[in-house]
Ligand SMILES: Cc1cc2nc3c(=O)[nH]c(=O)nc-3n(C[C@H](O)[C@H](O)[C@H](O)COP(=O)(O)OP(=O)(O)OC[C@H]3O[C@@H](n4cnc5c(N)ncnc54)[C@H](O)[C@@H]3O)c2cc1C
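First comes one chain, alone, set out as structure tokens in the form predicted alone.
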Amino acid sequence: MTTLHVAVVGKGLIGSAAARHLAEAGCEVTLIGPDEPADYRSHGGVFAAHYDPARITRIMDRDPLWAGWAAASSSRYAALEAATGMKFHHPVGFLAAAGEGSDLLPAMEASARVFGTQTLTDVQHPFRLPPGTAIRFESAPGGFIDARRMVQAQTVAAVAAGAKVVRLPVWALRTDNGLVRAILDDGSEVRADRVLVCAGAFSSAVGLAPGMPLQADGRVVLLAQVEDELAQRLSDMPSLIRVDAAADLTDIYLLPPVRYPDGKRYIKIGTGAISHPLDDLESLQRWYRDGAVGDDAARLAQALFGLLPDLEGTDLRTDNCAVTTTPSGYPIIDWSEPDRIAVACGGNGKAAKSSDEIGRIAALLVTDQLDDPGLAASLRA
């Protein structure tokens, strides 16, 4: 029996996970995608959204599908860390906070009960929350993951299972005599029986996911440097999501002090309340290269200092990323060209923690083993 050769385009969170699952299932796998650029300002290629060491992980969610994917993924974190020797999961806990009138916490508690997650309604935390704010605390596996390290771990595990890695971007896909040709940046190509596109925001911009309703939105995050003494005082700080209709930024997320590649510790804050549509390749590249725009940073700083007043006066810097959204609010995991080119894209700002399960589902699709019609239908455009 001939071994199925699958090329996975996009060496990010979903792509590296899919490559691992495919390789462990016995497929011949080529994982294709560039490393993080050394200099964003001069980079003329593609970027990725996983260039960050701090992403919230949690099971509690408004939506049972997202909660289930997070539960399945987090149940495999420890095994992946052990197999690769790369720690990426930090179970410091997760706190959900909601203003008066919000239905966020009951919905989250419902998902927690389904998956047997322990939650607390009274827990010590460092945040200054407005009167009337209700909270729910999720212990381990709630906390955060290092997205960069998780991609590295998935890639190492995929290679250990037999996958090959090509560290170049793909600029086109061509179907030829029953094979798919992935055209690389240097003019060479990778030929495969099937291709799985996991290139995130760049999937549509480069033309790798024609007809798929993927929208790229730019988001600004703010990083507040935390010196050693304050970092020590906040060492038990959980990750936070706060939803409050009365606030300037109606929803924000906050990560505890995390050491970044420059050796410094930062607390990260971001929001889904502000987005900047990115409609083509040029706008995506410019977004990553040129940095923050408008008053995003000032509004995030105001929210940050409101929650953690001790941070006022600290050094601040911004970072940019791109979120890929879909009409359904779920990732699209489907064929764009039947039996030849499949797509697993559209994290909707929530996929990092669940990427291992999303990659596993995509691997099942590509190998004709996805036998859940209800799930398949819910993920289609």
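When you see a residue number, it is the position in the sequence shown, counting from 1. This one's a predicted model, so the numbers in the text were calculated from it and none came from an experiment.
Here the subject shifts to the form predicted in complex with the named molecule, a form of this protein not shown in this document.
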- Of these, 51 to 59, 310 to 318, 335 to 343, 22 to 30, which stretch puts a heavy atom within 4.5 angstroms of the named molecule in the model of the complex? 51 to 59
- Message: Which residue, Leu300, Met150, Leu196, Ala199, is the contact with the named molecule in the model of the complex, using a 4.5 Å heavy atom cutoff?
- Response: Ala199
- Message: Within 4.5 Å of the named molecule in the model of the complex - does that hold for a heavy atom of every one of Ile14, Phe47 and Val206?
- Response: yes
- Is there a heavy atom of Val221 lying 4.5 Å or less from a heavy atom of the named molecule in the model of the complex? yes
- Query: Is there a heavy atom of Ala67 no more than 4.5 Å from a heavy atom of the named molecule in the model of the complex?
  - Reply: no
- Close approach of Pro256 to the named molecule in the model of the complex, 4.5 Å, heavy atom: no
- Task: Using the partner position in the model of the complex, report whether Val170 sits within 4.5 Å of the named molecule, counting heavy atoms only.
- Result: yes
- Message: Only counting heavy atoms and a 4.5 Å limit, does any residue of 304 to 325 reach the named molecule in the model of the complex, and if so which ones?
- Response: Cys321, Ala322, Val323
